[in-house]
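We begin with a single chain expressed as structure tokens, specifically the form predicted alone.
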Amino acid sequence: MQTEALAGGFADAPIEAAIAFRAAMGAMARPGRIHDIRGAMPPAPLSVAAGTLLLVLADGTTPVHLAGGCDTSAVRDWLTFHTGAPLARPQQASFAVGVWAELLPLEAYRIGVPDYPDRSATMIVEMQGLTDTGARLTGPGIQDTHGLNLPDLAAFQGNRALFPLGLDFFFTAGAQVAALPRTTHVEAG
């Protein structure tokens, strides 16, 4: 393990973790809303938001899949040191992180089973930027409608059709996060 892996965690863990966890849960409760989330300084190519999400959501019982360019020795060492999360293949992962094209195919990830729909993967999709334009979102946590730039409209519509099974998504860019739970209806904007 490189000594760089020891840096980049929360400076004031109890306070920063609580603030970051609240932002993550706020994003999931209000689909499509963009929230600031920070505290971690992960190694490249992880964004501040993706690293912060991993610090507050992953632990020694939550296998993480690092897709494509995110699967570097620096990221593996950092994640292991700060969370203890085991690294996994897509079909065993509780969390997966990467850019959209490198996370595909989505069918490789667990979508839960009828008795335990919560036994599914949560995807952390690294984006170039987040905007409240693009796809039109409706459903729980959204008063009327909300917009979010999504990488593939059909994939999210197909995921919604699996409900109560399916994947949940966080989208990250820089120090921003938005979420799309499986309960959200997605239409062209």
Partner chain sequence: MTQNVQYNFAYLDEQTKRMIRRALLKALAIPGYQVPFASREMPMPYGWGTGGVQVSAAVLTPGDTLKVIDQGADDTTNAVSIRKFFQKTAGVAVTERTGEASVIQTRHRIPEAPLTEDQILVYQVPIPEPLRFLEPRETETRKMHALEEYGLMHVKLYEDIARHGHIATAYAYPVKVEGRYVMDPSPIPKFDNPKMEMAAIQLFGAGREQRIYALPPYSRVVSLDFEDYPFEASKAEHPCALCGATHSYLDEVIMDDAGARMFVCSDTDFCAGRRAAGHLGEMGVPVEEDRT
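Keep in mind that what you see is a predicted model, and the values were worked out from it rather than measured. Residue numbers count along the first chain shown, from 1.
Keep in mind the form predicted in complex with its partner chain is missing from the figure; the text below concerns it.
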Report summary line: Answer key: of 124, 148, 46, 55, within 4.5 Å of its partner chain in the predicted complex (heavy atoms) is 55
Query raised in the report: Heavy atom to heavy atom, is residue 155 within 4.5 Å of its partner chain in the predicted complex?
Result: no
Requested in this report: Indicate whether its partner chain has at least one heavy atom within 4.5 Å of a heavy atom of residue 41 in the predicted complex.
Outcome: no
Query raised in the report: Applying a 4.5 Å heavy atom distance criterion, does residue 30 contact its partner chain in the predicted complex?
Result: yes
Report task. Using a 4.5 Å heavy atom cut-off, state whether residue 105 contacts its partner chain in the predicted complex. Result -> no
Query raised in the report: Quick one: which residues from 155-176 get a non-hydrogen atom within 4.5 Å of its partner chain in the predicted complex?
Result: 163, 164, 168, 170
